[in-house]
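Okay, so here's just one chain, in structure tokens, the form predicted alone.
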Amino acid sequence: MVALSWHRLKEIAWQELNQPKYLVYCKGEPLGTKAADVPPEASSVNYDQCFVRDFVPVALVYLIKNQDIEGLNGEAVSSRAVVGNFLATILKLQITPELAKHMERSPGMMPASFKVENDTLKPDYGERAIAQVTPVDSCLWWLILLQAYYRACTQDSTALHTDLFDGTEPQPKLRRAIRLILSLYLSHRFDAEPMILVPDGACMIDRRMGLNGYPLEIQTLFYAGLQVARQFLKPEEPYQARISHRLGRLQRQLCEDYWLDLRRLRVLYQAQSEQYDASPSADTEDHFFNKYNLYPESIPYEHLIQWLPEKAGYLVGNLGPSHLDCRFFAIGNLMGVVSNLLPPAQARSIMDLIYLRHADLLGEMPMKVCYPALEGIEWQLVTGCDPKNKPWSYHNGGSWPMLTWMLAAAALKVKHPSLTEQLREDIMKAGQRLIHDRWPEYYDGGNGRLIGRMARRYQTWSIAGILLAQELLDRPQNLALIHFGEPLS
């Protein structure tokens, strides 16, 4: 394998992504990109659809590049126009109160994906998901991308899609869509605020992985989405006060209850159970207030006490009654850093952990979607013996190239030069493998050396993940596209 330069790797990745075969068209307009380019004779399942979460890294590359790309008929298509079309399309497919009367879905919901048949949009609101689980993260990713699009195009207001913005002002229909999203996410249910209660399969990990309850990924995306919604609504909006109140409580709960480092681990080890109804003591080191009734026997101390560095920590994957999921989940932790949910010291601790545990979390193909993998009887019980999620594969400890862009953004956010330098080397090695392997969706094995057994090739977010990481590292000012409010005090 001939070694490629940093610049040549970027060039090849952009050339691959800038191909008309990936574009999804409806009535002559490019609306986004397919999840993957799957040969006609292969079983595509739903990889020929345009997914909201999959399109985000592609869209960010399009916004940064701001170049014409080749259309299906050889015409030049503005890359930013494709992003605007995508956002407007998802807005059009949002379930309104009028539509909800004829559908078994809630108003405000946006589809997980869409495809085009005979110039007609065919959205998927979870009907094609395992167990038809509702895509809780779609609206949140749409809001995050909306902010990036607005920031990229405001210097030239003519570049803003007319269905979204009137000049630089949000259209009334856009504000209505955001209110519908807020009515959906801020509605009163049987669960306690400020978190969102969701089932397994409601996020990027869309198969049974023990994430029912309050998975970290959804909570950090929720935090970012609320910040974006606040930006586009008028100051006098009644929702503004509810957003501010919810943000503060959400931030405090995640940073306190979800945080795990050696100090917290030592406290948990000494915890007395059946203290959940007591008043918290001021001296939590000596009198632990066990409001979740966590039993020390349920926490893998032997692994964690050896694995956690002295000055590092992370946000655990899930938390509930007598349950602390100590797995490291990449998207939740990285979004916690990027969205400014975490105070600087905790954000730095997460990046220190990733740097110091490079072999475990990044390996040969950055980076693992979660660590460690579920194995043995635990894998059988939690995943239901799911063969796709066998240990160190797919969502169960598999390595996903698309996560590289979030890792680069987080490293730049906390100004971690050692990790940033290491990441450049990782991208060079990973990029060459991805080109040789034809851009697989994920890799298997504890070190990420095996192409995923069921991985599709020419995956658009694999291409975009590496390319976007390079663009961010080369021009850190591009982080402004995904800048959120400052951490709450």
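Quick note: we count residues from 1 along the sequence shown, nothing fancier. The shown structure was predicted, so the numbers you read here are calculated from the model rather than taken from an experiment.
Omitted here: the form predicted in complex with ligand GLC. The next part is about that form.
Enquirer: By the heavy atom within 4.5 Å rule, which residue out of Ala430, Ala35, Leu60, Leu423 makes contact with ligand GLC in the predicted bound form?
Expert: Here the answer is residue option Ala35.
Enquirer: So which of Leu374, Ala410, Met204, Leu174 gets a non-hydrogen atom within 4.5 Å of ligand GLC in the predicted bound form?
Expert: It is Met204 that has a heavy atom within 4.5 Å of the partner.
Enquirer: Given a 4.5 Å cut-off on heavy atoms, tell me which of 50 to 58, 25 to 33, 432 to 440, 445 to 453 is the interface stretch with ligand GLC in the predicted bound form.
Expert: Among the listed stretches, the partner-contacting one is 50 to 58.
Enquirer: Would Phe328 show up as a contact with ligand GLC in the predicted bound form if we use heavy atoms at 4.5 Å?
Expert: The answer is no: Phe328 has no heavy atom within 4.5 Å of ligand GLC.
Enquirer: In the predicted bound form, does Tyr394 come within 4.5 Å of ligand GLC, counting heavy atoms only?
Expert: Tyr394: contacts ligand GLC in the predicted bound form.
Enquirer: Taking the shortest heavy atom distance, is Trp400 within 4.5 Å of ligand GLC in the predicted bound form?
Expert: Yes, Trp400 sits close enough to ligand GLC in the predicted bound form that at least one of its heavy atoms falls within 4.5 Å.
Enquirer: For the heavy atom contacts within 4.5 Å of ligand GLC in the predicted bound form, list the residues of 444 to 471 involved, in sequence order.
Expert: Gln459, Trp461 sit within 4.5 Å of the partner.
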